[in-house]
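As a starting point, one isolated chain is supplied in structure tokens, in the form predicted alone.
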């Protein structure tokens, strides 16, 4: 609760500060709010104070260990992203306060999605997360691609929300409750309409699959990711993905665990379809952002393996999801940070924009290399341990799906290595005359340190849940 309140107050402060003339204060204010919220979540986690709730909120929120650790992961990613806004939003100085405030408000929605105990709060969390993003996707008002991305995201998001609400209504009709504990009790006692419940779960599954861009509900992601501002694309790839998968796990582990025999087959099919479609399509992409969009979709398929581990007492699906989302978020932010500097200097979004980067900007090339290796799951990077934890969590019950995931991970090496080959082995070289911004250097160094720590001590994060 403390982190949520700090972020909310910080967002309001940043919005009002944006009305003034001192635009240089906005980024530090947003970063302070994010770091204070991160400190509050870590403090609560260490002290074991997971509630701090009034009685009237007790049935709506559960600020337990699960919510706190995912809050910390998200705030680490948000802090890194805010560190990039000095360069990433440099052309949006007139609306900088609005953009930073909307980012913080969107993160408030993510925190609600981590801690909900009632389907009403899940819906509110999704909307608080999504509505600012519809605006942020179109924040470059003079760019037709940005406007198109905002419109597509808004329309598809509205349809998905309608489907999700219809599913919630059917679940309420079947179990007479929106509360996760009561829903689980009604399912285990057999006091529900099986047909109505199954249709409701299926519709909720479709709505959440849209939010994490899992196939076949991923069709919006490539265009929206490519058209949105680079920093917002990085935000959607990391924070939104983490919020969606964490809410997915909480809902199905606490509310729908009794109906696992029904929904597990559907989740397994979506996971397999997502991995295959995304990785095979990413091979043929020449635009870096579009490739990263399909990369993000493929990682949604891997993350669904953690959902399938629900009910297996021998596995730690929640811990695997936590570690994977953290490593994936840091690596993705590193990749987009390097891309923002490179692509905007060369006005080129293809892989050719990275030609000769290893010679001209070795630190930037190193960060991009580590990010690509981690996303591909090459040992001994942190991404390898993330995939190892996820794959082993589902291995006992879904060995065929794990084998498929390993094959798709091998396929992904091909398109991730396109960037590395361009940086170090291309005969053509681009001119990277502009120096790397100071804010980027701090973000790069922090991200590299975090990846190194996750590589050396993977079990310490995995065991937090």
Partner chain sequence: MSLLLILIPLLSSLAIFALRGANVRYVALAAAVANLAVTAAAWAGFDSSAAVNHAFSAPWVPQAGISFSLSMDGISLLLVALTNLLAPLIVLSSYNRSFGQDARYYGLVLMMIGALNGVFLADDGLLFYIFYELALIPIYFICAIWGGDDRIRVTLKFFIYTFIGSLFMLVSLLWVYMQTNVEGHHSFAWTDLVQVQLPEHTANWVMLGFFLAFAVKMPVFPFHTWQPDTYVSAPTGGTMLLSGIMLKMGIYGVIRWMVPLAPEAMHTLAPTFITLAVIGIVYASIIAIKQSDLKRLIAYSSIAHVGLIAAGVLAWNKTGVQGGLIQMLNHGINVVGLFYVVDLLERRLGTRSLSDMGGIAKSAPRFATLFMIITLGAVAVPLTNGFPGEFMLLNGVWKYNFWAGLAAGFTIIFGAVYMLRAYGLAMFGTTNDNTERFADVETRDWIVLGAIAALVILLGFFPQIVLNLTDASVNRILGAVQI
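Positions refer to the first chain, counted from 1. Since the structure is predicted, the reported quantities are computational estimates derived from the model, not experimental observations.
One more form of this protein should be noted, the form predicted in complex with the partner chain, which is absent from this view; the next part is about it.
Though the partner chain is absent from this view, in the model of the complex it lies within 4.5 Å of a heavy atom of just one residue from 358, 86, 349, 258, which is 358. Residue 281 falls outside the set of residues with a heavy atom inside 4.5 Å of the partner chain in the model of the complex. The closest heavy atom approach of residue 79 to the partner chain in the model of the complex falls outside 4.5 Å. When the partner chain is considered in the model of the complex, residue 207 lies well away from it, no heavy atom lying within 4.5 Å. A residue is said to contact a partner when one of its heavy atoms sits within 4.5 Å of a partner heavy atom; residue 384 meets this definition for the partner chain in the model of the complex. Residues of just one listed stretch (66 to 74, 31 to 39, 436 to 444, 422 to 430) have heavy atoms within 4.5 Å of the partner chain in the model of the complex: 422 to 430.
Along 319 to 338, not one residue places a heavy atom within 4.5 Å of the partner chain in the model of the complex.
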